[in-house]
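Okay, so here's just one chain, in structure tokens, the form predicted alone.
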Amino acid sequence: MYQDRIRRPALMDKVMSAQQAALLFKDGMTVGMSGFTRAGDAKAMPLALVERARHEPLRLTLITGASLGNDSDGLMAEAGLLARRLPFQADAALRRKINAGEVMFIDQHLSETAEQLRSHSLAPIDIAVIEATAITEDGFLVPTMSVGNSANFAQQARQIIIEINLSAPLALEGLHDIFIPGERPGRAPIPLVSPEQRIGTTAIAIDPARIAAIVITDSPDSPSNVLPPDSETEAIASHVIAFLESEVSAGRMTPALLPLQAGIGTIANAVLHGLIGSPFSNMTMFSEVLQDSAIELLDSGQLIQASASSITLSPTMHEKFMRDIDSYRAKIVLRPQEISNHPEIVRRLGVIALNTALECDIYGNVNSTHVGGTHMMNGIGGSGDFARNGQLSLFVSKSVAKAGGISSVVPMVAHVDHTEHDVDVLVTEWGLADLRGLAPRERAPLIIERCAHPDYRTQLRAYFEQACLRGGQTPHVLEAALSWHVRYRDGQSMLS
């Protein structure tokens, strides 16, 4: 069943069960696991480690690319396996442990983790667990549906455990472009000047001597959990499309636009879906994740090339992608996340960055991670990599949450992930605020009138008027700036 997947005969004696491989782990180790937005994650080893942790002391620092699928993060957290977790997660059970202070979570820009490992700012990887489609004759690893940090883990780990996933078709080979930046100082520029360009190898170079175990699995990735577009996300998409049309009319870009980036999630997916049938053509993507909408755009012919670090699809779209993978291979490139999110490349390509906000304030600061300023949701992910370095940085959000009890536009965000300096455009279902070239006192009225829900505009106007009486470049009433969050905490509504 797996002989054609392990093409280096000397490695056949490394095949063992996940339970046997789990005995290689020791309490206090730092572990790197493949996986990025529920794609390409290890399937068997997390479960085997959970079983060990239920019967003996075993606490690990776990580093991944981004979120894991198959409820792995939650199962590991509930078993007490995770002492420390980075750089991103999206699991409700793990989130509870993080917010209770039981798991130490380091929220990082996704482009930075590999750099911090390389510079030894983080503890070295003791064991890397990497899902692969196959091992080549040279001992290279062919990834599955994501690359993430796998190439860096493989390069740096003392020992490597490979999960060969039989559910990943061999036709995935050739989809990937593995490039690792050189050492500092004296690192050469990354020679990538267009999204479709390939600058590396199709598989991950690895020292076969460090392969400690090979585990055979046959489990698909978890499907995407994004919701279909609704009237509000469709309205957001229409505002974004109208804005991009105005950019073309102004001569700032062509109908091909600039390379698109879209964060993971329902709203970003819906906005990209809205581009189908738009007046734009010959578009490209330089993003971190490809969702259903990216595949639909490729099918429409409007999107001609897409570069990312992972592919996360619904069951129906996943089936179609696998069925037609030969045609997609020429249009899609999967890269290590330190390349897909690299500031140098994002700035060079002039990416249009589209990401989701939990809340924004009247001056354009964005909170994308902390509910109420204290409780972690998922993490900053790659949004900062693109927001600060792209040519255009758009943040989208529905104007209210919790049945109207929370306004997404507030006087002051309770936690800042993206400062006003990195935010060009804010969009809700009510409208779009183009903040470029505006001072803080000019931004506030625009955000209030264009983006805030009508139920909250009177309160926001009153706050801004009172703040302006206090003066300042960025006027605030400090004793009232976070009162909206306190009001919701105490009464489940920000309305006064």
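Residue numbers run from 1 along the displayed sequence. Being a predicted model, the structure only gives us computed values, none of them experimental.
Just so you know, the form predicted in complex with a further copy of the same chain exists too; it's not on screen, but the next bit is about it.
Peer 1: Is it the case that 84, 185 and 473 all touch a further copy of the same chain in the predicted complex, with a non-hydrogen atom of each within 4.5 angstroms?
Peer 2: Heavy-atom distance to a further copy of the same chain in the predicted complex: all three under 4.5 Å.
Peer 1: So which of 297, 313, 414, 213 gets a non-hydrogen atom within 4.5 Å of a further copy of the same chain in the predicted complex?
Peer 2: Comparing distances to a further copy of the same chain in the predicted complex, the residue within 4.5 Å is 414.
Peer 1: Go through 225, 246, 391, 281 and name the one with a heavy atom inside 4.5 Å of a further copy of the same chain in the predicted complex.
Peer 2: None of the other options qualify; the answer is 391.
Peer 1: So which of 325 to 333, 377 to 385, 225 to 233, 260 to 268 is the stretch with heavy atoms within 4.5 Å of a further copy of the same chain in the predicted complex?
Peer 2: Every other range fails; the passing one is 377 to 385.
Peer 1: In the predicted complex, is there a heavy atom of a further copy of the same chain that lies within 4.5 Å of any heavy atom of residue 419, even though the partner is absent here?
Peer 2: So residue 419 counts as contacting a further copy of the same chain.
Peer 1: Might residue 454 be said to contact a further copy of the same chain in the predicted complex, defining contact as any heavy atom within 4.5 Å?
Peer 2: No, residue 454 sits far enough from a further copy of the same chain in the predicted complex that none of its heavy atoms falls within 4.5 Å.
Peer 1: Does any heavy atom of residue 166 come within 4.5 Å of a heavy atom of a further copy of the same chain in the predicted complex?
Peer 2: No, residue 166 is distant from the partner.
Peer 1: If we define contact as a non-hydrogen atom of the residue within 4.5 angstroms of the partner, is residue 24 a contact of a further copy of the same chain in the predicted complex?
Peer 2: Output for residue 24 is no: heavy atoms all beyond 4.5 Å of a further copy of the same chain.
Peer 1: Within 334 to 372, which residues come within 4.5 Å of a further copy of the same chain in the predicted complex, counting heavy atoms only?
Peer 2: Going through 334 to 372 in order - heavy atoms within 4.5 Å of a further copy of the same chain in the predicted complex - the hits are 342, 343, 344, 347, 348, 349, 350, 370, 372.
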